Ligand SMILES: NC(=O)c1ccc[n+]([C@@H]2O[C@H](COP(=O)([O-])OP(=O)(O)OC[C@H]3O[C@@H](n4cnc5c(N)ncnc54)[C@H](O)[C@@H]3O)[C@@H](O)[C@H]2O)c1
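The chain below stands alone, shown as structure tokens; this is the form predicted alone.
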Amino acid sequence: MKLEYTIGGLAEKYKFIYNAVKKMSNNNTQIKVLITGGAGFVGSTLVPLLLQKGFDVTVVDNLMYHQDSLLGNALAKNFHFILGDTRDEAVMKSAINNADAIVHLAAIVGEPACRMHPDLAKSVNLEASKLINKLRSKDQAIIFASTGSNYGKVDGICTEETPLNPLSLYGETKTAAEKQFLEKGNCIAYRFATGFGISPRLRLDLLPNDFAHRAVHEKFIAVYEKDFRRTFIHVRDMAKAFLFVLERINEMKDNIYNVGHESMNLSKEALINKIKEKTDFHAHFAPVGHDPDQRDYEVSYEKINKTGFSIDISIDDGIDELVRAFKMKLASVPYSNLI
């Protein structure tokens, strides 16, 4: 009896500790995250990461590229998929009503795709963003996948305070959408470096992916503006950045962050030389050619670094991955970002 009393007393005394630990271990299951465009390049890497961490994840995606990159998540009971368009108010109203936080990835990404379908780019990148912003309450945080293309042509080191001067339709639509979200509040805008790496929804239009694929399969790359500096981030680190902020929304909200790392600031020529360390090919540095975004600058990531975020994958490890993957004879056609 005395033993039972003692055990019972200890259990009661420390019940609050047990409950606190249990709540912490299950904390992410309480957070319902809506991911727009979750079957895309970043989303297909982010979704399984969030599911593994216990988040309840709903994806809205129209599967415009006929991708099957989320099939591996179907067994997870905390995964939900809605085949729908972010421009459909009925679809988005229902999805947003059930969300605690929104990760907005859906977009026509990159200037070539936007230039090919300008009306689609405006409606998806901007009008759908306006709709989402209208439908979400001020209590629902939104993490917006913005872009360094918002800066346009910059002299010197680019920080979050650098004035925005988008030079392409892609940059213009993303800049306008970002402004809408920030004005309403409870928003975190991530201005990402250029993504790269292997994802279940692979893309070959990204500069390191394109260069590595051509190096392996064509053994020849023509490069213009070889001295233009670009900044990169691996897709798994992009996914990690979203997990990072979802676990720290209150500390990070109502802020803009450049997301990447200083070690990934490279000229096109330097990127070519790194790929040459991994596989043999010929590079021709052409005197003609033009990047509509005019991205040629060094980016500061001091602000995101101060939050405690850090990348895991270096440019060298990322290129290793690309070369190994492309030696598996991956075909280019299914992995275009053009419709």
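Residue numbers here begin at 1 and follow the sequence given. For clarity, every value in this text was computed on a predicted model and none was experimentally measured.
Beyond what is shown, the protein has a form predicted in complex with the named molecule; the following relates to that form.
- Using a 4.5 Å cut-off to the named molecule in the predicted complex, each of Tyr65, Gly84 and Arg201 places a heavy atom inside that distance.
- Partner proximity in the predicted complex, defined as non-hydrogen atoms within 4.5 angstroms of the named molecule, places exactly one of 153-161, 179-187, 264-272, 99-107 at the interface: 99-107.
- When the named molecule is considered in the predicted complex, only one residue from Val33, Leu46, Ala39, Ile304 comes within 4.5 Å through any heavy atom, namely Ala39.
- Between the named molecule and the residues Leu206, Leu246, Met252, Ala121, the one pair within 4.5 Å by heavy atoms in the predicted complex involves Leu206.
- Not displayed here, the named molecule is approached by Ala193 to within 4.5 Å at the level of heavy atoms in the predicted complex.
- Put simply, His234 is far from the named molecule in the predicted complex: not one heavy atom of it is within 4.5 Å.
- Using a 4.5 Å cutoff between non-hydrogen atoms, Ile142 does not count as a contact of the named molecule in the predicted complex.
- Heavy atoms of Ala241 never reach within 4.5 Å of the named molecule in the predicted complex, leaving it off the interface.
- Residues from 136-175 that approach the named molecule in the predicted complex with a non-hydrogen atom closer than or equal to 4.5 Å are Ala145, Ser146, Thr147, Tyr170, Lys174, in the order they occur in the chain.
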